[in-house]
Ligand SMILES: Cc1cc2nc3c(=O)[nH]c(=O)nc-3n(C[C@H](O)[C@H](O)[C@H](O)COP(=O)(O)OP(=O)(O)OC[C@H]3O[C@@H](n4cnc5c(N)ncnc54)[C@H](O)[C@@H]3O)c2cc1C
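We begin with a single chain expressed as structure tokens, specifically the form predicted alone.
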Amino acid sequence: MSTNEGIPQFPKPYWRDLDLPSFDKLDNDLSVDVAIVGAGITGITAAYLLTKEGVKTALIEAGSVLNGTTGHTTAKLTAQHDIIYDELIGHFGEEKAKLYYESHMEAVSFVEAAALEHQIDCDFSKQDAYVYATTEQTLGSLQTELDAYQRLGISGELTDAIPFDIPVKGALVMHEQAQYHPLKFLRALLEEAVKTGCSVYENTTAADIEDDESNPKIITKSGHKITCQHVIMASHWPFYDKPGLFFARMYADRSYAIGITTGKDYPGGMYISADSPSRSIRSTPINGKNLLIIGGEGHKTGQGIDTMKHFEALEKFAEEVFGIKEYLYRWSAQDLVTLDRVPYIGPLTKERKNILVATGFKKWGMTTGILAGHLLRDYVAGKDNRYMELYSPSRFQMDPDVWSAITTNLDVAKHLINGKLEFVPREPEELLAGEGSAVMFNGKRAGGYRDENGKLYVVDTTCTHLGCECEWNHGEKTWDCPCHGSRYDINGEVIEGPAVKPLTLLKEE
């Protein structure tokens, strides 16, 4: 197996292995035209575009910039989002399916043009994208998808093989796609936004919104107010969800990635399997050689096997197909999936047009975040945009939304009931260094973690969103809710919404 000693001990994404700017915490009230919550790809793109047009903009981030899902991606800039176009035609019709494709291709073109305009060295390169099938059944799905490509005028074709030692039945290629280093690119956009007047604040958590029709106010966790004409929620999960009920219209999915070097040459291209378990393959330059990024192993947050098993499965796959020379990085990401697989971008509701949201990117945030930034800019400016109806959060299609909603919420109910009834035979004192587990504490289910130095943390594992019981995530050392995807650190602090309140810390010693 690998020739290096051990593996990365904690999630460490390759993309964040670079210097990023830092910003002060907001310590006063503020008044701006637009307040953006979330300094990831959507928030930074929107801030860049708005400040270019002279709009007074503030961008706030609960942690540090570019440390959310944007920093934990495989960074494919592509309109090939697995097998989706035949489904889009069946659900929305050919016209809107073509709009979906064109909106993502425009995002690819924007990155290429902006990188050229600002001379951003972000490892941008054009690549073909492949979906490959390892079974006859999935090969049939690829043929159907190719038919959809042809109906929509998408440049693509079926091929018999891919250039790896993987037994495939065939692959569907989409030409003229791209890849890049997202944080190098977005760091430059952020710098441009700051130069043109955007105010940026880190460690500033948005807790609520005073919903005024003309001048909504963001209330931060520390009690400061940001008064504005428009709020943009680019915080992955909308932190303000009272009227939108997004928790019932999306589910959270986790996926995993590792970064390795190998002695083999990389032939180019970006690849993803159509069969389960999913496998994603691409390369990126690192210190004069290629870093292979192997991803996949998706599952609903808080559900399934020990999360470390997913990293181990990717390592095994990488060793068998490529041979591992160095195992340098590993990380995971959380993505939100809408019921009809099309993101929500636009006004929170039909009545709240000055509170805007972008969410539900279903693992394809590199193009979706860019197009979202443009759409949100146009909503603020009152400009028409031909993609607004397609991505509207207020849309509702009877098929497949209703059935998806029923099955999704039955799954939630199952975990709510099962978690409450679970008997846990372990006590906190039994935990070894580096171990976390559900435990019994004062006669009730709780969650315990003992760190590498022997310090013990015990939290109430009842999710503060709707009361499901959180499960221990070994790979990331977090408590994850299996119902709606909220995640908490070992102290119980919120990492991912929809929860906004922390778990109760019961013991720390």
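In this text, residue numbers run from 1 along the sequence as written. If you're wondering where the values come from, they're calculated on a predicted model, not measured in any experiment.
Only in words, not in the display: the form predicted in complex with the named molecule, which the text now covers.
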query	finding
Listed residue that, although the named molecule is not shown, lies within 4.5 Å of it in the predicted complex (heavy atoms), from 127, 205, 262, 338	205
Contact assignment for the named molecule in the predicted complex, among 193, 107, 234, 376, heavy atom within 4.5 Å	234
Residue stretch of 440-448, 56-64, 22-30, 465-473 approaching the named molecule in the predicted complex, non-hydrogen atom distance within 4.5 Å	56-64
Non-hydrogen atom within 4.5 angstroms of the named molecule in the predicted complex for each of 13, 477 and 487	no
Touches the named molecule in the predicted complex: residue 310 (any heavy atom, 4.5 Å)	no
Partner contact for residue 92 in the predicted complex: the named molecule, 4.5 angstroms, heavy atom	no
Touches the named molecule in the predicted complex: residue 37 (any heavy atom, 4.5 Å)	yes
Contact flag, residue 76 vs the named molecule in the predicted complex, heavy atom cut 4.5 Å	yes
Heavy atom contacts to the named molecule in the predicted complex at 4.5 Å, residues of 326-357 in sequence order	333, 334, 335
